[in-house]
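Shown next as structure tokens: one chain only, the form predicted on its own.
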């Protein structure tokens, strides 16, 4: 790899052993992917939940924090994904105190490195959204696909250690979606039914994601005649990334790198795969229950925007969640503060819901939470969550936001 004078200085240990090890790791990654050089990155986003870190990962972070401050502090703005515990509300959902204690240690360790504990997977809606062409080192799959696709920024999926290395050096190897040639369209989809509701936008992401055969297969979507909202794009991308490990999509006439079909393909575009109304119905049917049993309704994955919180609060206003059903709503700390200020939190919690901040359900040791609370049948309007949560022992149900609230209040699934 070609390294600049500054990068060579880091690699030689000129800025201390922590940055030196970070650069050594990045060179190894770059050589593996045949990167020619490094690219400067402006932001880093670190997956930070303790279910991923474990005791060993937390201890490693704590060791880094023992170095002199000038050697250990991150070099660029660095933020975090949702935590694995809400420190204010963990006891309300029977969250194991041992996991909460480990989460506190992780949070303290990251702060010692100068990381901003934003605890969110929707930073693009709340904290310094990146701009077209900006190079980043982002970790969360939903963050990556939104930044790449909707905003036109450039990032690969960065594992926790590689995102931290980028944070310490301000660099990442120039490979993958940092390169023009990897951002070109590879497959084509024509939508003949415009999705209705966030659950259908997520379903579209799931349908396309299931067709993907490679991380580098970039799907191009046509047939959407008016720009989706930020929340609709959020659910579309999060589900596509979950079902397909997809890091970038283009939407013709909507996303910045696809003003028209010809601009995004090299040569003649391939024949399109048609996505009809029936395809949506078939996808939804995959997550339809055979009975009306229900244990928990979850609004999460991704965390809710302020507008989504307002919509849930409006649906819950004056109602009560059934005694035999839990209703959990996850959002970012910034949006939680806004919801408090607008009176939305009070409305939701007066109805019996639990509003969680800085977490996302599946990152909270979800299997153990289910066992502690007797939760098995879970309903959500997030297609991403339905794809993930089965691996934690749940039986997922996918429905609209209104159906989820109705189910929570009636104590049964509404079809």
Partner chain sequence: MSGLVIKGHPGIGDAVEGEALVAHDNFSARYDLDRIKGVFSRPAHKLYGQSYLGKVLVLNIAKGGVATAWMLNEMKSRDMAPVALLLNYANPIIAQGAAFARFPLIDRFDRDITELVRTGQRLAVDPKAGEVTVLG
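What you are looking at is a predicted structure, and each value in this text was computed from that prediction instead of being measured. Numbering follows the first chain given and starts at 1.
One more form of this protein should be noted, the form predicted together with the partner chain, which is absent from this view; the next part is about it.
K.L.:
Using the partner position in the predicted bound form, report whether residue 162 sits within 4.5 Å of the partner chain, counting heavy atoms only.
P.N.:
Yes, residue 162 lies within 4.5 Å of the partner chain in the predicted bound form.
K.L.:
Is residue 267 close enough to the partner chain in the predicted bound form to count, meaning some heavy atom within 4.5 Å?
P.N.:
Flag for residue 267 set to no.
K.L.:
Even though the partner isn't displayed, in the predicted bound form is residue 360 close enough to the partner chain, meaning a heavy atom within 4.5 Å?
P.N.:
Residue-level check for residue 360: no, no contact with the partner chain.
K.L.:
Do residue 140 and the partner chain come within 4.5 Å of each other in the predicted bound form, heavy atoms counted?
P.N.:
Residue-level check for residue 140: yes, a contact with the partner chain.
K.L.:
Tell me which of 306-314, 257-265, 132-140, 97-105 has residues with heavy atoms within 4.5 angstroms of the partner chain in the predicted bound form?
P.N.:
Heavy atoms within 4.5 Å of the partner chain in the predicted bound form occur in 132-140.
K.L.:
Taking 4.5 Å between heavy atoms as the contact cutoff, choose which of 245, 111, 276, 229 touches the partner chain in the predicted bound form.
P.N.:
So the residue touching the partner chain in the predicted bound form, by this definition, is 245.
K.L.:
Does any residue in 49-66 get within 4.5 Å of the partner chain in the predicted bound form, counting heavy atoms only, and if so which ones?
P.N.:
Heavy-atom contacts within 4.5 Å come from 49, 51, 52, 53, 54, 56, 60.
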